[in-house]
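Listed next as structure tokens is one chain, alone, in the form predicted alone.
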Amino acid sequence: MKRIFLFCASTVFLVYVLAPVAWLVSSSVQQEAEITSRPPHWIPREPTLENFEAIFAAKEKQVTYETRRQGDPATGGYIPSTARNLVPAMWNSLIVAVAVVILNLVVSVPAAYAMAKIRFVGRSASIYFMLTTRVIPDIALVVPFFFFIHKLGLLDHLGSLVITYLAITVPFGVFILVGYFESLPDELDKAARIDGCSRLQTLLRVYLPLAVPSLVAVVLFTFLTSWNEFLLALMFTQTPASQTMPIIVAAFTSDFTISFSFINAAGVLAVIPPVILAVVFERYIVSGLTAGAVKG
């Protein structure tokens, strides 16, 4: 009975979690009339790739006031005026996410190693102080971040997002890595030091190869946070040259009408990079997130 209950509960939970994703993928290959029909069609009757073709052909199509006013989403050929900005926005999101991941590792790995293996005054206080920064909601940081970015002259620039995203992701990265480094025996550090390794050589040659699962967890968290973040990107970017994908997709609803099929196709493209990362590093995800949970 216990197994039957767990199986049924797991099935219900999976349906609850995966149903929106299934509808997103299904509706991305449907025309607008089929999406809005009642009852909804989970399996497309006439699958089409017009929505995806429109995303990559948006630059070639002239969108004016007249064409927007006359556009009928039910025909499946309606293109929002901001559609031409989607592909550049995806590149912006990818550039920002990759830059934040690299800089996060550069900062968090040495910091975590120092906090885990070097005994210094204020070590515990620094760890707790760092963790308290994640208790503050992002909305409370918008104004200080805005003045800071304005002083640097980086408003409407991808650099503003890299700086602010680092402030959000580095504390979590350090927290994960500190727990993992502390779970490794101190004898490794002492042996490397006796053999003549410096602190940096010990980190690079001894601890980093052992910390791959936790590094993958940090990379995934950092990439997903940077890829999906909306509030700070909305505040610090004003033009399509620097806007990221969530901002452009949100702008699809500000036209004369809404094309659900087009938005869902954009949503499918948005989830492809995170899914690829999750599939490639799946074997490290669970072990990385639980790294350092048990010592000894």
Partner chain sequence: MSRYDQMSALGLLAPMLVVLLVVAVFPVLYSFWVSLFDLKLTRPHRVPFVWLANYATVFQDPLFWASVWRTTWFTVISVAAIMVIALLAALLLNEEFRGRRFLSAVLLVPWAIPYVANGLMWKWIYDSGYGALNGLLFQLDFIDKYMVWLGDSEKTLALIANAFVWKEVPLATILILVGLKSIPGDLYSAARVDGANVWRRFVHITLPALRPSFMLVLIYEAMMAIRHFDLFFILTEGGPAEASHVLAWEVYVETFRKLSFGTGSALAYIMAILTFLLAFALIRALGKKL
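Keep in mind it's a predicted model, so treat the numbers as computed, not measured. Residue numbers count along the first chain shown, from 1.
The form predicted together with its partner chain exists for this protein as well; it is not shown, and the discussion that follows is about that form.
Undergrad: Is the gap between residue 156 and its partner chain in the predicted bound form 4.5 Å or less for some heavy atom pair?
TA: No, residue 156 is distant from the partner.
Undergrad: Do residue 40 and its partner chain come within 4.5 Å of each other in the predicted bound form, heavy atoms counted?
TA: The answer is yes: residue 40 has a heavy atom within 4.5 Å of its partner chain.
Undergrad: Is residue 52 near its partner chain? Define near as a heavy atom within 4.5 Å, in the predicted bound form.
TA: Heavy-atom contact with its partner chain at 4.5 Å: absent for residue 52.
Undergrad: Quick check on residue 242: any heavy atom within 4.5 Å of its partner chain in the predicted bound form?
TA: Close contact is absent here: in the predicted bound form, residue 242 is far from its partner chain, nothing within 4.5 Å, heavy atoms only.
Undergrad: Please pick, from 99, 90, 166, 216, the one residue with any non-hydrogen atom lying within 4.5 angstroms of its partner chain in the predicted bound form.
TA: Result of the distance check: 166.
Undergrad: Could you list which residues of 101 to 126 come within 4.5 Å of its partner chain in the predicted bound form, counting heavy atoms only?
TA: 107, 110, 111, 113, 114, 115, 118, 119, 120, 121, 126, in sequence order.
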